[in-house]
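Single chain ahead, by itself, as structure tokens, in the form predicted alone.
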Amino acid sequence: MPTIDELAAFCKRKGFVYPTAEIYGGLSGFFDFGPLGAELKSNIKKEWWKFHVHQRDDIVGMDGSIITNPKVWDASGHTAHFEDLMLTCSKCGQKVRADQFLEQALKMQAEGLTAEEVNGLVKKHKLTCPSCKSAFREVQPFNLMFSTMVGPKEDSSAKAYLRPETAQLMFADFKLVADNARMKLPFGIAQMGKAFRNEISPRDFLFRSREFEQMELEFFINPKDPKCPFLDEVKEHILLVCSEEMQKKGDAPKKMSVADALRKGVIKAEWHAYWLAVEHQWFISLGANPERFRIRQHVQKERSHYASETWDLEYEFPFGWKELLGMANRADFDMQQHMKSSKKDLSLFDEETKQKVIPHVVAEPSLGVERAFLVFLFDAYTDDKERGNIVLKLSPKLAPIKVGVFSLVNKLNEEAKKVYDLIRNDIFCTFDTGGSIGRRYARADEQGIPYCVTIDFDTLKDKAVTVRDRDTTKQVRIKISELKSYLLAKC
């Protein structure tokens, strides 16, 4: 596996990701996606939506506004409490996020520490500014919301925010979505879109940035009926579990089935266990290595005050185990907050009990697109010493370009172009005539192209082409008349 810096350099070189506006020096925490990156990102979102919305009857989608009425953020608590603790150097003024700094300096879990605890650790261990080695000032809270102005006014009445998460409009629009889609509990609302957080110290390439995309769903249940009817589908699924008790005792994570985790009380809610397994399965179905994932339970001081139970799906990056997806059992906290603030009734009528019910959110799988992007790239990145180049073994479903069409020599370009035109409307492909055939194969490997189609002199006689498999380099001869259906089945 490459380092994060090596992957960032590869992404820039091959056209996946660039630092934004690099000709002007860029801007920390913001990135642009190049030709291959835009396709890969689009494919990840397409597969997520298909898996979570199109292939299920109990989830519908919506697309909320990036800027909304600021009362939404007052009700959710973001305006007052969406903060990270910040350490500032007393001499050079460098600012660092306190928990990240402590985790790196002391090799400890620091998320959820209070300001008093942070100040105590800094003083006890005599920690200093990483740049100039001067002392830190007392830790200060820093709100992560980007503010903006709406309309021509420049007073407080015009102040609004770029959304720091996609979840809240799923709560604010809950009743409308439920009525319009004629949904009955249990059901989910899914959404994909941009979110913005003014991170104190963005780091690790795309992993922690200031502008990112989320793929998120809120799953609502009747609190009087907490059973998950789909549990049998995942009960034998194996997860690497890192519970709160294991963390307190210093024990290593253990593999266990979903059924065992529930039976032993490690995971409390059936729906919670179900969605943790489903999200793990989604990654695996698209070629991610199942051995690089674990689920980690939040310890008490990490857990949000409204959450009865929170788990993260984590991935083992070169820079350690990090959160991909957070999943909290939020109960009715958000629904109650928005009902109280808006004075509107967001309850649903339950046909069986003939009573109104305020739904509970038992799970909210919230995944960053860019973090998923990194996972698939890390697992696909293969430094093939025998070939002498990088092979990006992406799932054909995610590969930015599905097929490369090549002519063996330039004399055959016209014949190769006919084959390219035959399949291009159904399969996203590229037509490459630059360099030797070996060099074109290597270039295709680095772009993650799963299949290369080569037109040679025999094609003029047998009306067939050679199809090369990226991962194995094995080649098969396929009739041109059968090529499209063959490639569609493969991709």
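What you see is a predicted model; the values in this text were computed from it and never measured. Just count from 1 along the sequence shown to find any residue number.
Just so it is clear, the following notes concern the form predicted together with a small molecule, a form of the same protein that is not shown.
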Could you tell me which one of Ala160, Leu185, Leu324, Met335 places a heavy atom within 4.5 Å of the small molecule in the model of the complex?
Leu324
Find the only residue in Arg296, Lys393, Arg371, Lys402 having a heavy atom within 4.5 Å of the small molecule in the model of the complex.
Arg371
Using 4.5 Å between non-hydrogen atoms, is Tyr306 touching the small molecule in the model of the complex?
yes
Heavy atoms within 4.5 Å of the small molecule in the model of the complex: does Val362 have any?
no
Please run the contact check for Val357 against the small molecule in the model of the complex: heavy atoms, 4.5 angstroms, yes or no?
no
Do Arg197 and the small molecule share at least one heavy atom pair within 4.5 Å in the model of the complex?
yes
Candidate stretches 152 to 160, 198 to 206, 119 to 127, 173 to 181 - the one whose heavy atoms come within 4.5 Å of the small molecule in the model of the complex:
198 to 206
